[in-house]
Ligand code: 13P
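Okay, so here's just one chain, in structure tokens, the form predicted alone.
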């Protein structure tokens, strides 16, 4: 009972008693206590993407961040087991970077609309249609697609890496997110279809956010600053004050003092921002990712008790080729 009371105190100090947690704090503390005990016994590390719920991020997360940070952090872990509270392509990336470790995702439903929008065969056809062009691929893709790519990017480093690519190439192929590709093309002064070849993939979370609502929120909250993820459509990006990845957005919030912040991305990011900066005013305008939210404390606990059915594997030949493109990202993002 003493251990449970200490866990309740820990979670309460993090603010989880106030918001963002389903059920009472004692129930959540019972789950986080058991999970944290099991992961120590099994030398497991839990990666938590910022779109996860706060009880996962703050309650059990060891490595927390966006897809770039988590990929980088995974390379440095001494754990034997990686439990990835994110989506399947992220766990595949962790496995590629840690072939000797066991990697698991606590949900069979943790997919991704962008990852499912393109296959390795699609990339091979694109390369045949545009011979000699480098393939720059957003990290939200399968290991098979990464294996057909020259360099991986995340929303945090895509602009930087594309600028370096354009120093050596007049044209590049950018896949699979057409909105992100279009947004980056504008920033870089490139023309879609001419300087940058795009694919027709989209994110189900970001593609339906409504730019018209931004005007309404600006009228209601004078001094409001709107921030949007780079996966959003271009008409929405044109209406906001800042575009970037989740890490960029969090740093922007940390380093500014706006009257209010409108965060246009997955709801989990807003929940985390509220807990990190309780003194700041955040306006809700977001969409839930059904894939991310398929992971719960209960599913993590079930996996730690019996992990074998959920192990993530990548064929060796694909992993070797995919790792080259991921390593290229780390090289160019440095």
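Residue numbers count along the first chain shown, from 1. Bear in mind that the values here come from a model prediction, so they are computed numbers and not experimental data.
The discussion below concerns the form predicted together with the ligand, not included here.
- Only one of 273-281, 298-306, 36-44, 49-57 lies within 4.5 Å of the ligand in the predicted complex by heavy atoms, and it is 49-57.
- Although the partner is absent here, residue 140 lies within 4.5 Å of the ligand in the predicted complex, judged by heavy atoms.
- The ligand in the predicted complex is approached by residue 155, whose closest heavy atom lies within 4.5 angstroms of it.
- Within this chain, residue 32 is remote from the site of the ligand in the predicted complex, having no heavy atom within 4.5 Å.
- When the ligand is considered in the predicted complex, residue 95 lies well away from it, no heavy atom lying within 4.5 Å.
- A heavy atom within 4.5 Å of the ligand in the predicted complex is found for one listed residue only; from 172, 90, 226, 184, this is 90.
- The single residue of 178-212 lying near the ligand in the predicted complex is 206, the criterion being any heavy atom within 4.5 Å.
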